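Two forms, one protein chain; structure tokens for each follow separately as structure 1 and structure 2.
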Structure 1
Amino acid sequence: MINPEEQSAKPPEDMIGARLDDEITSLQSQISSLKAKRNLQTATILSSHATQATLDRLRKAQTQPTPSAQADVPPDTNPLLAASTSQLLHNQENLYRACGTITTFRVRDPDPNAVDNGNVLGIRVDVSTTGKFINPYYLLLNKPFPDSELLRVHRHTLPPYIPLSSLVEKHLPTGKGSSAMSAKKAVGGKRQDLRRLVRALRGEIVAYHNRITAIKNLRKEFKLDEKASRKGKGREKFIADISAADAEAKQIRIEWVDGKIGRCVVDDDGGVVKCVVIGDEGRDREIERAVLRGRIEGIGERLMEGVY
């Protein structure tokens, strides 16, 4: 029960407060959107060719010894030039990230007890899938052994379905007899090879995302994610479900409308290596052969062939 006195006293204050709050939040969102817009404009202007030419001229004028040329330079040039330089650096980094996809950077470990004075080497792997760059994967390495150059994985953001540990075991051994990349290979020992590790790692990541994309496309092909709204239109659905059966998406489960269930195994390169389809009357060899005849991307097409 609400006290009638309170009821009469509260609303005006509440209303004003609520209105002010609304106003504040709307203004704040406006500020952030304007700030984002300004950042975008700054970046665009600083990266354009015309601006670069002007800035080059300014830079030259600044370095010239004659006082007449120096007088032309506006007083607030230096921050502008600095911003331009950092923007160009950023553009270059982005170019490497987008095209080379593997980039490195340095990090300082904030832990005061960190090994090797907190020097950490960061490796960033940029991967794009279905036309978009997703969050990069990071691998952070340090040198924990005081008298050797051996690297070891310090932190990483790789999910468990990327077999990082077995790759590290192979390419970045830290056990007895292993030697650093720069060192000569010891007899019988293993040598660390960061390049191979990162290359293999990127391969695994890309392969994983390609498999996921292929499964997504298969679902699209059989219209599994659409609502069954258009009646009588198109061909009858004969696949009930397609999904990844394990974390690495190397096994694909296919369910048919008539109750058949299939499983196929995909290898690292995307080729279908094994397939079993079981229905009410035992295995369906015909479909199995069709699925096995090629790569993961073509499964849908080959299944369609058999039906229509």
Structure 2
Amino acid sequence: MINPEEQSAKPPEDMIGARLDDEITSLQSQISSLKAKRNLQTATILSSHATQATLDRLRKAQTQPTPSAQADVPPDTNPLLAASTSQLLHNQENLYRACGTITTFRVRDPDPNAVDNGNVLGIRVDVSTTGKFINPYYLLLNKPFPDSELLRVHRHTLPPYIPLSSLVEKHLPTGKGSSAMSAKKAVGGKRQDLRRLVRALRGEIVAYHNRITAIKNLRKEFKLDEKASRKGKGREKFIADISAADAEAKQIRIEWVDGKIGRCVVDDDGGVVKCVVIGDEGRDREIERAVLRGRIEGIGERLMEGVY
């Protein structure tokens, strides 16, 4: 017969499993961090001028036919030279995408019945967030009207939360009275401006990703994505959830542990323009004023001022 005291002394299986999960998660995080550091250090070393000068000498020695020059080349330099070439191409691509955030190209529509003989103008928009480039967005335009320079959207890869329709209506109208992209504007017509359209489009994309990143940082700041077994460590949590309340992430929903619910409205520049917080006793004006004092990135710090 099992002694009740001995049975109570044994840790429950769920506690042991939770500890193992925490250890596995911690080890995986450490492995990911070490891999990221190794990749960063490798890229830094391969991109340095001293390393490039040494590798250039090795490349020249490999191309020289004299036996003395070949003897000075170590036998295991080929992988290093290949890694250096790959790193240089990667650096060049990143530099191009960082400086030339908007690029144009020409493609042809394979449809035999396509307008303008299938000629299509492509626009590529590159955006980076949290130190990484995301998949580029593409906008394809064609000329649907004969003997006219008017452009129309042919295809695009933009998500629905980017207001492309309103931007096109404003900067690229094709309706009655619209004029082509020239210096002269027709009387009573709207002039197409492709440059303003692309600039406004990229601004919307960058603003959206900045808002999404800010929401993710807020969740990380309040440790909302940690496992339930790890909760309770450190400071007591007073925020239950932070999330985007609409597709464009211009409205943020904040839920407190004590039941209060708030909603903030953010403008295109990331500033908090409106905020409503309602609890069991009505609106909490103090929290609303605190949230309204700055940008979306500082919401967490302003909320903590009244708690810690």
Partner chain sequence: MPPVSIPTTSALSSAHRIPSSHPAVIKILSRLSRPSLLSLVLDWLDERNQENTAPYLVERRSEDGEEDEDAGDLYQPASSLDALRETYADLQSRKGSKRDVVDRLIEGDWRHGISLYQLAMADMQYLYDHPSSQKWSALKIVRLTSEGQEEEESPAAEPRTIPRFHPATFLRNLQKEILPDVKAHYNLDRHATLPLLLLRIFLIESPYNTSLVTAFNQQTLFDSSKTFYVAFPDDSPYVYVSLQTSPPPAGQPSSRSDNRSLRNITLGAIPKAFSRPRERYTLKPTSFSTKNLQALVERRGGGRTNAAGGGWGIYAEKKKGGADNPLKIQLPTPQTSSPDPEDTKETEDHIPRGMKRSMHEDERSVKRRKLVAQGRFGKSAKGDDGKGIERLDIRFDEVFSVSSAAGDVENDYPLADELGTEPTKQKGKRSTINLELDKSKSDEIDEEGFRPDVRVTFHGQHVFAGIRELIEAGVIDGEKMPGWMTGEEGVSVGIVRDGRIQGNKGSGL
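These numbers come from a predicted model, not from an experiment. Each form is matched to the other, and the largest set of C-alpha atoms that superpose within 1.5 Å is called the rigid core. One-based numbering along structure 1's sequence throughout.
Selected structure - the one that is the form predicted together with its partner chain: It is the first structure (the form predicted together with its partner chain) rather than the second.
Examine V257 after superposing the rigid core and state whether its CA is displaced by 2 Å or more between structures 1 and 2. It does not, since the V257 C-alpha is displaced less than 2 Å between structures 1 and 2 after the core fit.
Align both forms on the core first, then report whether I134 has a C-alpha shift of 2 Å or more between structures 1 and 2. No, the C-alpha position differs by under 2 Å between structures 1 and 2.
Core-aligned CA displacement of S243 at least 2 Å between structures 1 and 2: The answer is no, as the C-alpha of S243 shifts between structures 1 and 2 by less than 2 Å after core alignment.
If I align on the rigid core, how far apart are the two C-alpha positions of L40 between structures 1 and 2? Answer in Å. Its alpha carbon moves by 16.9 Å.
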